[in-house]
Each structure stands twice: as structure tokens, then as C-alpha cells.
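Only one chain is given next, in C-alpha cells, and it is the form predicted alone.
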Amino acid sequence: MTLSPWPLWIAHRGAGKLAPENTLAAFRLGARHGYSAFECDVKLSADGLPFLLHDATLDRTSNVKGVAGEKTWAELSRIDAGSWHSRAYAGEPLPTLGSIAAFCLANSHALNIEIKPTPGVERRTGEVVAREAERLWRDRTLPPLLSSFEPDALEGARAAAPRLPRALLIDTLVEGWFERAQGLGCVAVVANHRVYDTAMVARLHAANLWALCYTVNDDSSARALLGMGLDGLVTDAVDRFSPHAGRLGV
């Protein structure tokens, strides 16, 4: 029995690698593959608007270079965030958190917002993203899950919107990870799938914490994790894994 109210399978950055990550085009493609739970990365523009981007810089996933958080939304909104992936997506813009929220809310999709701060503004990013998420999902029965590798971002999120659920992201089992998740008032831990074993899942569940993992792209890992009783698996392979709980393949 899992603890999370979410679907088991969560589409990474919209549709994994099948479309330009963290764009509306990716979310639409993930939804066409049947997914109803998504993960994305959110940071702030220089003028404080939350938008979707994973990296600190624009170099890898757009037609311009530079630190994204140093540009205003007026500048960011003109960027081509699709042609790096393929010609079919040329001209795809960076989406705001508001536009992704509109898509998810209109389609009753669940959303895991990873707070991905530009270095140096961790707490402020957590505060602004949480405040905006609370406004956008006001009175909804399934609010977004706010996650981050940065404890300061989660502290900011808790201060700004304490009722929104939070999750600590971890890549390795560093000393104190469990106590940190509890101290931040998290409902979940989202860990690299390679660190999980049945004892870790049991420890999280005994503390009433959801056990989520990233990024699961092969059948053998997925089967092992499902056998451990994971509550959620984030995947790039939206074209190969059925979004229906417990099923593998298509």
C-alpha cells in the first residue's frame, strides 16, 4: 500500500527526452502518452517571475547563452527553447509557472515543482515559487508538491506557504538526510533510484513519508523499485512505461 495520493508514474520534465524539456510542448506530449502526473523545474527571472528551466544557464536548452536568472521575463519570453531539441519544436517558448499550472489544472494533472534556484537566491526562490503556487492552486484538492535539493529553498517555501506539501530531493544518502526531511516538515523524499532498498522504503513509510524516486528508465530497475513499494517513479521513458500503476511496458 503506497502513501502518496498521486499516480505511480511521473513524467520527467514533461515528456522526458521526447520533446524539449520543461516546455508546454513536452507536457502535451506526456499527456498524449497517458500521463497525468508531471515533474518540472522552476526558477526566477531577474524581475522575480517563476518560469521553467533546469540549468542555471540557458546554454544547453535554448538559442542564447548566459545565466537565466540574470535576465528579465521580457528577455526570457523571446527565447527559442525548442530548436536545440529538433526542428519540429523550433520557436517553442519558455513557459511560466502560470502557464504550466493552467495546463495541469484544466486537465486535472498532478505536478511536482522542483524549486531550482539560481545560486545565491535559494530562500527567495522558495518563497516566491511557493507563494505563486499557492495562489494558482488555491482551493484545489490536489496541490502541487514542492521539492528541492536546497534546504534553504524548502525553508522559504514553508515560510511562504506552509500548507503546500514539500519534499527533500537527495542524490546520495548523506549523513542526516532523514532528519533533514523531517525537520523541514516534508511529506516525501525524492531520491536517486539507485540508493533505494526495502529498508529505506520501510523507514520512510514508518515515518509517514512518501518514497519517490528519479529517474527510472529501464525495466529491471522499475521492477525492483515496484517490488520495494515505492510511491512514485519519475521517468523519461513515457513512451515505454505505462502510466497506469504497477504496469510496465506498453
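All residue numbers are counted from 1 along the displayed sequence. Predicted, not measured: the structure shown is a model, and the values here were computed from it.
Absent from the display: the form predicted in complex with SN-glycerol-3-phosphate (G3P). The rest refers to it.
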{"item": "Candidate stretches 109-117, 131-139, 80-88, 155-163 - the one whose heavy atoms come within 4.5 Å of SN-glycerol-3-phosphate (G3P) in the predicted complex", "value": "109-117"}
{"item": "A37, D231 and H244 all contacting SN-glycerol-3-phosphate (G3P) in the predicted complex, non-hydrogen atom within 4.5 Å", "value": "no"}
{"item": "4.5 Å heavy atom contact, F51 and SN-glycerol-3-phosphate (G3P) in the predicted complex", "value": "no"}
{"item": "Heavy atom of F103 within 4.5 Å of SN-glycerol-3-phosphate (G3P) in the predicted complex", "value": "no"}
{"item": "Close approach of F149 to SN-glycerol-3-phosphate (G3P) in the predicted complex, 4.5 Å, heavy atom", "value": "yes"}
{"item": "L169, heavy atom within 4.5 angstroms of SN-glycerol-3-phosphate (G3P) in the predicted complex", "value": "yes"}
{"item": "Sequence-ordered residues of 10-34 touching SN-glycerol-3-phosphate (G3P) in the predicted complex, heavy atom within 4.5 Å", "value": "H12, R13"}
